[in-house]
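We begin with a single chain expressed as structure tokens, specifically the form predicted alone.
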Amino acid sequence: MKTLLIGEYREGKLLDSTYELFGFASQLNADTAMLLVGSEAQLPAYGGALYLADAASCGEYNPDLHKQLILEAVQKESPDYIVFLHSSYGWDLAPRIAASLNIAQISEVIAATDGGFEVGCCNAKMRRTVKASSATAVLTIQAGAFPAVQPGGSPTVQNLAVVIGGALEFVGYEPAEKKDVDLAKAEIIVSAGRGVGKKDNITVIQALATALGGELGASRPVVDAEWVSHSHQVGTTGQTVSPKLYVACGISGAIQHLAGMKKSDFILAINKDKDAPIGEIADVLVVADVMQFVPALTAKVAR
């Protein structure tokens, strides 16, 4: 089995998330080749074949040109799977490649199984296993679902000629709208999940965050219910954080939330369900009613 991994490069740097592609390939026990539109100065630590196009010449993103480059690498490698990160880059390019090759696409893969690939469904509350209907398929993998793996070594580089043409021109990046709360800079985050019960109970979680000198975070269901503003959301559709301490209050641990906070130095989870998925990555799991335990913890901290 062979995979063609599509690396990502932004603002002059190879993105660390590119190494999650190798984590995915290792779980398939697949041979790898990589395509990167980037720079000789920023090559991945990878001892395999690397198809490299110069980002300075063709733009860090140009869907028409990048599609042609990927199709050229596909022709040379004949991979079983063409694998993108489930990012804005992957969202745009993956369906273009699938349509050009008339092959299947499976989006937002969160696990590889013997029979296919697991993807989320029902707003990430459930999982299902799907198979490609074609021999070759395009995949996008969910951020944080697979470990970042650095294979090591230096790649064997094959330079791809910059393709001329395309109706679009890459201009640059526009900064995201400033958030009310920048959780990415917080050293302590106390997050509320659906398990806190109701909007009025958010003040209890906020009190613990204040006592610890941290910021209030939240899971997507809490934001969707309009208990807190979107600027507090942690996860792939919110903010990605890596604080020294992350306290998860009543958060079960959907993959999208875990992907946004799993790099925290220390994770304390409070949940009445001892089998909640967040317990798999928590350093400490407190099995208790959130609304009983958190006020008691706040009282101890505030002394």
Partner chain sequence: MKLLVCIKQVPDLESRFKPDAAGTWYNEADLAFRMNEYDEYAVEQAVQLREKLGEGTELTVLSIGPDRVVEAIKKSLAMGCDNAAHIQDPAASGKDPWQIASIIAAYAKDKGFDIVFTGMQSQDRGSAQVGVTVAELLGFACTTTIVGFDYDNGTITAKRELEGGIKGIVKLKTPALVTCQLGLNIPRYPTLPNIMKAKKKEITVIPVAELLATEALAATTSFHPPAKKGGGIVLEGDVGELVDKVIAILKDKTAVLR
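Positions refer to the first chain, counted from 1. Since we're looking at a predicted model, the values are computed, not measured. The term rigid core refers to the most C-alpha atoms you can superpose between the two forms while keeping them within 1.5 Å.
If you look for the form predicted together with its partner chain, you will not find it shown, but the lines that follow are about it.
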Inset, instruction - Please check if Thr210 has a heavy atom lying within 4.5 Å of any heavy atom of its partner chain in the predicted bound form. - result: no
Inset, instruction - Could you confirm whether Gln27 comes within 4.5 Å of its partner chain in the predicted bound form, counting heavy atoms only? - result: no
Legend entry - His232 within 4.5 Å of its partner chain in the predicted bound form, heavy atoms: no
Inset, instruction - Find out whether any non-hydrogen atom of Gly152 is located within 4.5 angstroms of its partner chain in the predicted bound form, and reply yes or no. - result: no
Inset, instruction - Using a 4.5 Å heavy atom cut-off, indicate which stretch of 88-96, 199-207, 75-83, 144-152 touches its partner chain in the predicted bound form. - result: 88-96
Inset, instruction - Using heavy atoms only and a 4.5 Å cut-off, decide whether all three of Ile106, Thr237 and Leu297 touch its partner chain in the predicted bound form. - result: yes
Legend entry - Those residues of 1-26 which, in the predicted bound form, come within 4.5 Å of its partner chain by heavy atom: Arg10, Glu11
Inset, instruction - Verify the C-alpha shift of Gly23 between the shown form and the other one: is it 2 Å or more after superposing the core? - result: no
Inset, instruction - Determine, after fitting the two forms on their core, whether Thr32 shows a C-alpha shift of 2 Å or more between the shown form and the other one. - result: no
Legend entry - Core-superposed C-alpha of Ser242 shifting 2 Å or more between the shown form and the other one: yes
Inset, instruction - Indicate closer or farther: the Cα atoms of Pro147 and Ala282, in the predicted bound form, relative to the displayed form, with a change of 3 Å or more. - result: farther
Legend entry - Cα distance between Gln42 and Thr237, which in the predicted bound form differs by 3 Å or more from this form, closer or farther: closer
